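Two forms of the same protein chain are encoded below as structure tokens; each is given separately, as structure 1 and structure 2.
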Structure 1
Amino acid sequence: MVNYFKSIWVGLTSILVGMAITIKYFFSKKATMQYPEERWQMPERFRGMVKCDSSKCISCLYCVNICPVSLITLESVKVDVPAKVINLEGKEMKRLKDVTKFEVDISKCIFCGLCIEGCPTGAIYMSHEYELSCYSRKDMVYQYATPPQVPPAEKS
């Protein structure tokens, strides 16, 4: 008879413990998010998609050579009049080449950040974009420089 009431007591206490845990989580902050209506706020040092400001690029090829997976393709042409670019230390540099092609194949990227660390002008940076999925591999190649437009030949 004692074991009967003891088992009822154990059953009731376990139910109360379970209900206490349920009530605790019912009033606590939610861990899930209603995606895509709500989005995560990324930390400041988050490494998202690699982007480039081609107007700052001096075509030093550091990023191309340091990348362990060769995801960056860079082409440039010499310019007659060098443009002035401010580097990360605030010093003025001459840009002797214009970038005609700057492609980043994000499907190869391992988000190591080596390309960013050595860029003297800060032209390459990692954004906070984390939605990188797409339907085609071609869509994973991003171009950040537009080739110069050749004026059409005049007809005489």
Structure 2
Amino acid sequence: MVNYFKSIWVGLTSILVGMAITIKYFFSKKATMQYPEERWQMPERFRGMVKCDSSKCISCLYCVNICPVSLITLESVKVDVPAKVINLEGKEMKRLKDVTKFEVDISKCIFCGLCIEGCPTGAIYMSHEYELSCYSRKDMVYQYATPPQVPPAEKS
């Protein structure tokens, strides 16, 4: 008989304890993030998308050769007046070539980051974008260099 009432009492009080816990969450700050309006602050070394600042690129082809899946296509032309680029160590380098095509097929990318590690001028880098989906495979190929300005053919 004592056990009977004791178990009822234990049951009721434990329900109250549980309710106290849940009501605490009712008034607490919610864990949900309203995604399209709010976004995560990505960590500094987050590997999003491979991007290139083609004005810094000296066409050393390091990234093209190191890439395990060969997703970078690089074409360049020689220029007469070399521009100057400051590399990561702070030294000036001569930029003898002008990049005419820097194509990254992000659908192949394994986000290993090898291309970034060896780039002497820091031209190639990983952005913090993470919404990389698109409707066709062609859309996944990104261009980072301005194509060469071909002078219009003279009329004959």
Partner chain sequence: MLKEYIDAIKSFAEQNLPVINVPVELWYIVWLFIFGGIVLGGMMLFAGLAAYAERRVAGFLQSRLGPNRVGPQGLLQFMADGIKLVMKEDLIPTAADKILFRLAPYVLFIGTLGIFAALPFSKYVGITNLNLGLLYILAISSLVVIGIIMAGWSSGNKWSLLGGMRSAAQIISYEIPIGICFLTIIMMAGTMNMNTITELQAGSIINWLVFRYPPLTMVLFLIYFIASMAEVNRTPFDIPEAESEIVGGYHTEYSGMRFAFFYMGEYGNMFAVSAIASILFLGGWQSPLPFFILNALFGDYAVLTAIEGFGWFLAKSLALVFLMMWLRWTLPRYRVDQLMTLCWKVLLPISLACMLIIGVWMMI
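In this text, rigid core is short for the largest set of C-alphas that superpose within 1.5 Å between two forms. In this text the structure is predicted, and so the values were computed from the model without any measurement. Numbers given to residues start at 1 and step along the sequence of structure 1.
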Eyeball the pair and call it: which is the form predicted in complex with the partner chain?
2
Superpose the two forms on their rigid core, then report whether the C-alpha of Ser70 is displaced by 2 angstroms or more between structure 1 and structure 2.
no
Rigid-core frame, C-alpha of Leu16, shift of 2 angstroms or more between structure 1 and structure 2
yes
Give me the smaller rigid part's rotation between structure 1 and structure 2, in whole degrees, relative to the larger part.
23
